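Okay, so here's just one chain, in structure tokens, the form predicted alone.
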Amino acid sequence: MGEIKAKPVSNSGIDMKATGTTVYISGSINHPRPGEFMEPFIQEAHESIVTNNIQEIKVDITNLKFLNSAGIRELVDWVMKLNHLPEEKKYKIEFLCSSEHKWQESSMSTLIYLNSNYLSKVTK
């Protein structure tokens, strides 16, 4: 199995990196336009996942204390990229959440409704 290749991001209080088949997003995002730095990372990770035919990934947000609505929109856009892939190129995303951050439960539960066949969450 391949691994996700994406240049790490550290910007405006957020860190994003990929290790193996896990994407880690940590910190706190209250930037008015987080897409400026989130979207290029997500696009690079998405392309790497598809190119390397990775079937399942994890997105660990357990250390993400806050994500504003614009940041959540970047995750929605990622899911929409996944939804537009041909069936044989789609991959599963498991969001790893923390029970310490209540926003994660509601936000990720809502996100999963966009494609419950390929999205899931685990709360630790």
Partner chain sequence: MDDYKLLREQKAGSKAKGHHYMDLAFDREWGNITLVKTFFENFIISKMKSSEEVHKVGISVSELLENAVKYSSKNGVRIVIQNIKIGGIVKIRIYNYANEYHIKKLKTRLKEMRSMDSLDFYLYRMRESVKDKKASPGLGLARVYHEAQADITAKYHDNEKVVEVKATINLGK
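Everything numeric in this text was worked out from a predicted model, so none of it was measured. Positions refer to the first chain, counted from 1.
Keep in mind that the form predicted together with its partner chain is not shown, yet the notes after this line are about it.
Asn68 is the sole member of Asn68, Gln43, Ser98, Asn52 with a non-hydrogen atom lying within 4.5 angstroms of its partner chain in the predicted bound form.
The candidate spot formed by Lys17, Tyr24 and Ser48 is out of contact with its partner chain in the predicted bound form: none of the three has a heavy atom within 4.5 Å.
Although the partner is absent from this view, Leu111 contacts its partner chain in the predicted bound form, with a non-hydrogen atom inside 4.5 angstroms.
Its partner chain is not drawn, but in the predicted bound form it has a heavy atom within 4.5 Å of His31.
The closest non-hydrogen atom of Lys92 lies beyond 4.5 Å of its partner chain in the predicted bound form. Put simply, Asp60 is far from its partner chain in the predicted bound form: not one heavy atom of it is within 4.5 Å. Residues of 63-93 placing a heavy atom within 4.5 Å of its partner chain in the predicted bound form, in sequence order: Phe66, Leu67, Asn68, Ser69, Ala70, Ile72, Arg73, Glu74, Val76, Asp77, Met80.
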